[in-house]
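Encoded as structure tokens, the following chain is the form predicted alone, with no partner shown.
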Amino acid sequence: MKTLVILSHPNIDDSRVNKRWKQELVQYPNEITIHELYKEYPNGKIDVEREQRLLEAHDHIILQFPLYWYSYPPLLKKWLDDVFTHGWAYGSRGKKLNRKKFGTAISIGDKEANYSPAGSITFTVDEVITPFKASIIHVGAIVLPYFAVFGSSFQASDEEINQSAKDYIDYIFKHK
């Protein structure tokens, strides 16, 4: 079963990390399906049935995105709201996502040290993504550990970003 990567970056061409991660992902077409939300839905109108079929066809799903104000980009939030419907994803007959594995691959602009109780943000990344984890648990799916690279806005070197792309692939195959 292939891994589905839901890539949600509103301006991937200007991204250092997500663009590099995508370049690494495309090298594995037999193992990884890349689905770019901003490319597929530039007008924001999501084809819910198509998205649900795509999710049904995969048991391992990674949401890849830059952290925006301690959350996901707007289109990814809309995608979750529109696609995870009652009767399909949850509720007494909504079992389509049961036992599927969901992970996150997050590019974070700030320093890792700031994502700690003693840091300037005072929350860990695990705490910041709690709403995501709660949503995945609510639909009966399995939450995987997150994958992240820090300093993506200005501190991470090209070498660190290249290494993170290789580490990202390792993360995907390890948690399959």
Ligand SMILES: Cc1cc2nc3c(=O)[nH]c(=O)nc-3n(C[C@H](O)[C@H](O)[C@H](O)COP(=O)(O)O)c2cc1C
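A residue's number is simply how far along the shown sequence it sits, counting from 1. Keep in mind the model is a prediction, meaning the values are calculated, not measured.
We do not show the form predicted together with the ligand, though everything after this point is about it.
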- line: Contact with the ligand in the predicted bound form, heavy atom within 4.5 Å, among E51, D110, E40, E31 goes to D110
- request: Check whether N162 has any heavy atom within 4.5 Å of a heavy atom of the ligand in the predicted bound form, and answer yes or no.
  value: no
query: Can any non-hydrogen atom of K22 be found within 4.5 angstroms of the ligand in the predicted bound form?
result: no
field: F132, heavy atom within 4.5 angstroms of the ligand in the predicted bound form
entry: no
- request: State yes or no: in the predicted bound form, is some non-hydrogen atom of L67 no more than 4.5 angstroms from a non-hydrogen atom of the ligand?
  value: yes
field: in the predicted bound form, segment of 145-153, 42-50, 22-30, 55-63 with a heavy atom within 4.5 Å of the ligand
entry: 145-153
message: Going through 4-42, which residues have a heavy atom within 4.5 Å of the ligand in the predicted bound form? Please give them in sequence order.
response: H9, S15, R16, V17, N18
